[in-house]
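We begin with a single chain expressed as structure tokens, specifically the form predicted on its own.
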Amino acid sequence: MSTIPKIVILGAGYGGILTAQRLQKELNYNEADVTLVNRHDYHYFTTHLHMPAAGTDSIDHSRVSISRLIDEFKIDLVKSNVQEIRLSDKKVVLQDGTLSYDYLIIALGGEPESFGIPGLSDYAMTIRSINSVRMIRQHIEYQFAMFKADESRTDRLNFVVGGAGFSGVEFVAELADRIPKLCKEYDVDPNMVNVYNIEAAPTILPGFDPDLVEYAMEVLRKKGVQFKIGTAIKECTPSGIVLATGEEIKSATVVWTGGIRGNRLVEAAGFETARGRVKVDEYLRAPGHERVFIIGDNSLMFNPEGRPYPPTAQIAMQQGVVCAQNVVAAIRGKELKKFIFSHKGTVASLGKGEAIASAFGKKYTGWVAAQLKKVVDLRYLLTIGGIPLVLRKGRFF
């Protein structure tokens, strides 16, 4: 019987793919069996999805085949849906089988957080996957086509985006860029189109410098975005949304970007969670489970001030590298490495040629910030796929 430890990675997002790549680099031949489980055979760039969702870029530019990113002689890729995590007998139940593990890395990614708003999960769309992006893009184009068939349905030209964090702001920016082209294509008066960005918090893009936030709002207002800040969505209905103020906005298109929670499979496994996220230790391990590591959207870690780190791609990538190092150290009986987040800066796109950024202790806006955004994207492509991936995908970012 083989005594080689079995490592199972659940999810090939930012954290999972970095974990897999680092494991294949650091493990010796026959030192461990590594299996990567993902529901698709591709890895997609979550931070790029707002563009194909709005229709300003191709979906194929936002994904890459996993087989191009891993060595399949070292890592076994299993395309399947995870159904259950059984901690008691160290098994993962898949849609079409069961895997046993000695070391488990949970990197399943998050799910939209509805905050209990009635109707949101039934009537709003979300930017969370390649398939959801396809639906949003086609839905938007369909509204323009249908409006021309019945011009009394002005609600078809009202587009509501709930949430003004990164996803919400970057999506409305791209949508505002796309609207003039759609109006021209479908012979629609641009003055009839309304793009609303609704945010319950007192500001958009929380965490950004107020000057950068003001710049972003001014850029987007000039593009036609209408903000309703400090205003919560009370209900989502088949005909639009109702705000906490009582105002109703009739809309055939509601896109929700207002929050992310951890994966429900993690809760169902029996971990103690907060909104589906597990408070991991300094080595990224789940409490009471020394051989179970949790990273990305499913993990909860706190900064030195005692506030939780936001679940960003940046932190997931760094966790993936340290997680792999710690699994290898555990197998070899070596000391584990504490995870310390190194903040590299923050960039938010505001559409074509526009962005805001906070990096290197300075603030950037406009074209310079947009170039920084490209640098961040290219650096990620370089990290996971080297020069060949940069050459293939880089020009689209």
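Computed from a predicted model, the values in this text were never measured in an experiment. Just count from 1 along the sequence shown to find any residue number.
Unshown form predicted together with a further copy of the same chain; subsequent notes refer to it.
Contact annotation for the candidate site: N131, M146 and D187 all lie close to a further copy of the same chain in the model of the complex (heavy atom within 4.5 Å).
Interface residue among Q138, S88, Q95, N303, judged by heavy atoms within 4.5 Å of a further copy of the same chain in the model of the complex: Q138. In terms of contact with a further copy of the same chain in the model of the complex, the residue from A329, I59, A32, A359 that brings a heavy atom within 4.5 Å is I59. Taking the partner from the other structure, a further copy of the same chain in the model of the complex has no heavy atom within 4.5 Å of any heavy atom of Y309. Of the heavy atoms in Y142, some are within 4.5 Å of a further copy of the same chain in the model of the complex. Although the partner is absent here, F341 is not a contact residue: none of its heavy atoms lies within 4.5 angstroms of a further copy of the same chain in the model of the complex. For H48, no non-hydrogen atom is located within 4.5 Å of a further copy of the same chain in the model of the complex, even though that partner is not displayed. With a further copy of the same chain omitted here, the record of contacts in the model of the complex names 147-155 of 291-299, 147-155, 310-318, 197-205, defined by a heavy atom within 4.5 Å. In the model of the complex, the residues of 36-75 lying within 4.5 Å of a further copy of the same chain by at least one heavy atom are, in order, Y42, I59, R63.
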